[in-house]
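Take a look at the structure tokens below, where one protein chain is shown in two forms, each on its own, as structure 1 and structure 2.
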Structure 1
């Protein structure tokens, strides 16, 4: 006799009620997500795809944010122009009387600067976070001995995952922006801040320990985001390593492989799908953070892209790029939220949010594709 078979109608009704409750909770969550996505898409899609020349509004994606000028002329026609175009138009039409002129900050142009800044912050963050995170997870899972110290380290990593992002922002600002002992490649020495410098042979530059400046910089923001996402990456990578059967390690060691050879050939390849998934999920998290980059990297208005203001050649040029402040999509959206709510401001904000949602969706889809692709290549 099967002891798990329901013997009474009451138990059957409880079981059915449980199924209904779980189903309602699941579909309610799906409905909320679909409603949010539909709201964002319906409001933002017309901004991205409303173009007279092509299906995609390329001006919105390829221009930097500008001030939008809305005005009327004598005929009563209402005209919208970016600040740059409006200045040129006034020079070409000096006799036209401008009526009811209104300006809307950051509402004209496009979102090229925030898009590029977000991409550069994410790349900088993930390069550092993956190298440090994967290395730390390999050590914790493969080399470290079990004990109180390792338990304390794992507990600290778990606690860091719950720290508010604004705390990481203040930490990054204090450590990476205000400290004077970080090295920088430069052609000019800040005598007030430098703690020592060395001339670099065959160049006119120096390696100076003068910090990265008290203002915001791409490198400081990327490192702050890397510190913030490290707990997530370490935990996910460690779980991926634990999922690899111990028999793989034992067989590799039995054939005479060293510890590192065993990890490199018999462990990491099979943990790669999980590591990739963790990295993409980390990207989706750091791409949407506002508080950390508000203190360390982002600015509301910037006329040029980071490499357009960089000076020098080679590594000096790269160092100058990393020292530049950047715009970012999350901070750009936050800036809109502080502006007066008008028709022009709302339209640009909806378009920016829609592009940002598409960007995150692409990363999530890439995560799923890479996981399936690498899992299909592995044969256990």
Structure 2
């Protein structure tokens, strides 16, 4: 008999057992992830999709949030109505006795306001963050001389990427909402602010250095988010700029291209996929954040969309839009997460969470897909 046979068998068994343990750990994680997505989707999908014609519950997507009224006419039969509809219905049916009337804040109507608000915040943030972030990384990587200072700056930026988002919220609140020296377009000058004297008169009003008012605003929130995502974008852009082989630059310069021509034709085109992926990932992060916009941009209750309340022309109109506080999906979810949840409110909550998760996942999935796609395509 071979004395080693038994030993090999135990070894093999041990090997297999540990493989099973690792596999179980992995698949448990996968199951958790899929489980959460599935749970949220199964709870929320019935609100968003309908089995009738059009198949999508457009009302949910195109109405503003409202107070929900639940009441009974006959015992046991519950009727749900939005506050405005309910008021009208009451006017039309004055004789009907309403029983058990209960109101639930924020859970009636739809989610148009928060959807629009989140979109505007993300756009504001990404415009600022991409312009500043991409050009900063181009400078750091292409123009700046390598040295200790550059390394220090790069390191500082990398480290700031991990700072908690709520700290960015604090900072944004102090810098953008409370500072009283930002230039603002106003119709009247606030002379109490120290810089109010330096207002520049324009056709419709003034450009006054009096800050943006201490309340929250779309612009302040967008900028706060931009500051938050800036380190991430700079780091990712630098990574993709670095990945472009040096030979590309040398070849173009050797052909007589100027520095800018070289960057434009030989570097940026090959770094674009990486930058695109990073910015989509940035969108995911920005859209999902609640803490930075809690004090800088978001409000729970707002009857109209930002542009419906704006007056003025041209730049003043833009300023009116940007200086308003907005509703935002994550903040909307936070608002009703703190309210007591009941059977009546569950539907809207689940629907909102589902729409939000879908939106964010689409962007995340897109960035994952693009990364894999470009990794397979771009090889040099």
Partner chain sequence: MAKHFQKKGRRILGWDLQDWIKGFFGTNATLSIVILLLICFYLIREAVMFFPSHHQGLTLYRQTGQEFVGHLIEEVDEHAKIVAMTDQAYYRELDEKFGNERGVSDSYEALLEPLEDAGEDFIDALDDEEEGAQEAWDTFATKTLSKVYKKEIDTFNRLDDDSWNALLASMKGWDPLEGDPPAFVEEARAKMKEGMASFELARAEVSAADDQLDSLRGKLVKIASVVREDAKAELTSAARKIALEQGIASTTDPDKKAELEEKLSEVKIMDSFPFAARSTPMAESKDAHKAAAADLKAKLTAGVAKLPAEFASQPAAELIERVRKKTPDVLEELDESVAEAARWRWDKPVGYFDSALQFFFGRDWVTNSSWHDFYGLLPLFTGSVLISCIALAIAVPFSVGAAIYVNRIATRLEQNIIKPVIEMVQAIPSVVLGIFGILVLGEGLREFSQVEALSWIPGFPMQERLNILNAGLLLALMAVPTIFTLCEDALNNVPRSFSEASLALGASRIQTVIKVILPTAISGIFAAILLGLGRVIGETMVVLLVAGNKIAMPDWGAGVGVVAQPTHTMTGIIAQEMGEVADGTLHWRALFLVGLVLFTISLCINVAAQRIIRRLSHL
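Here the structure is a predicted model, which is why all the values come from computation and not from measurement. Under this definition, the rigid core comprises the largest set of C-alpha atoms superposing within 1.5 Å between the forms. Residue numbers count along the first chain shown, from 1.
Two copies of the same chain, shown separately. Which of them is the form predicted alone? Looking at both copies of the chain, structure 1 is the one that matches the description.
How many Å does the Cα of residue 15 travel between structure 1 and structure 2 when the structures are matched on their rigid core? Comparing between structure 1 and structure 2 after core fitting, residue 15 shifts 7.5 Å at its C-alpha.
Rigid core superposed: how many angstrom does the CA of residue 367 shift between structure 1 and structure 2? Value for residue 367 between structure 1 and structure 2: 3.4 Å of C-alpha shift.
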